[in-house]
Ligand code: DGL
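Below sits a lone chain in structure tokens, taken as the form predicted alone.
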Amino acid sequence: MTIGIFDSGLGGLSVLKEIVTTLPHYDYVYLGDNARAPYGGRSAERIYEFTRQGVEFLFEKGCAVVILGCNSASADALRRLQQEWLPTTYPDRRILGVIIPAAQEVAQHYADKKIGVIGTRATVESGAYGREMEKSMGGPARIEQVACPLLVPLIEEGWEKTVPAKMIVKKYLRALKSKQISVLVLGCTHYAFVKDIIGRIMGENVVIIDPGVCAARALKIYLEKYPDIESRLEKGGACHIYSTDMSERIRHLAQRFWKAPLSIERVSIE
């Protein structure tokens, strides 16, 4: 069996890269729902249904555990999938997300700091980061959240290093800088690709939390904690990439994000 990573598009390749770097000897299957991306502006019910379809595809491909690389999916679908769908359909499989590991990282090391979160509208409006941080802290947290809907299309167009793009990033981050936050959580998989730009704007005294890095560490601990799941995983170092849509733009974007050629197979999950 394998480890699956699901994302609404190709931003989750940042999560896959961190996981493969941390745990290189396992086999992986990645699915990006590019035909219906982005999820960030969709309703919670639609995000849930799309995510369920994606996870089911990965389970049918033999994944023992699936990580929801998409923050919007982690915010609006994870708990419901774990509590309502998984026990009756795939009781021997597991679904994990990227929000809880990042929230736990903040709670463990920065609970007394002013915390900022940037993400899609769906992620910010869900309040998932705040809930999970306060749950891990056992009390209230000082959290400021900002939705940044223009960042994903800018990054996908390759414009993130242009002057207009930097002006937009600065505008989004202005409120967080004015609040003098000490920790900033990148609540969207795409933001990992502009982490350096965000870091320069926020300043060297602000700690940047990448949920992909946190998820990779959490998965390593999880597999150590549950050897019955770990023992079922194939260890050949293979990585299979699937997408629900295919075009030259998608191929180019995947290679730009992965920084190496990738073989992608188109599939349907509806």
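Note that residue numbering follows the sequence shown and begins at 1. Everything numeric in this text was worked out from a predicted model, so none of it was measured.
Just so you know, the form predicted together with the named molecule exists too; it's not on screen, but the next bit is about it.
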Worksheet entry | Non-hydrogen atom contact C188 with the named molecule in the model of the complex at 4.5 angstroms | yes
Practice prompt. Answer with yes or no whether F50 is in contact with the named molecule in the model of the complex, where contact means some heavy atom within 4.5 Å.
Written response: no
Worksheet item: Taking heavy atoms and a 4.5 Å cut-off, does A111 contact the named molecule in the model of the complex?
Response: no
Worksheet item: Can you check whether A107 is within 4.5 Å of the named molecule in the model of the complex, heavy atom basis?
Response: no
Practice prompt. Mind telling me which stretch in 214-222, 230-238, 63-71, 200-208 gets its heavy atoms within 4.5 Å of the named molecule in the model of the complex?
Written response: 63-71
Practice prompt. May I ask you to list the residues of 1-22 that have any heavy atom within 4.5 angstroms of the named molecule in the model of the complex, in sequence order?
Written response: D7, S8
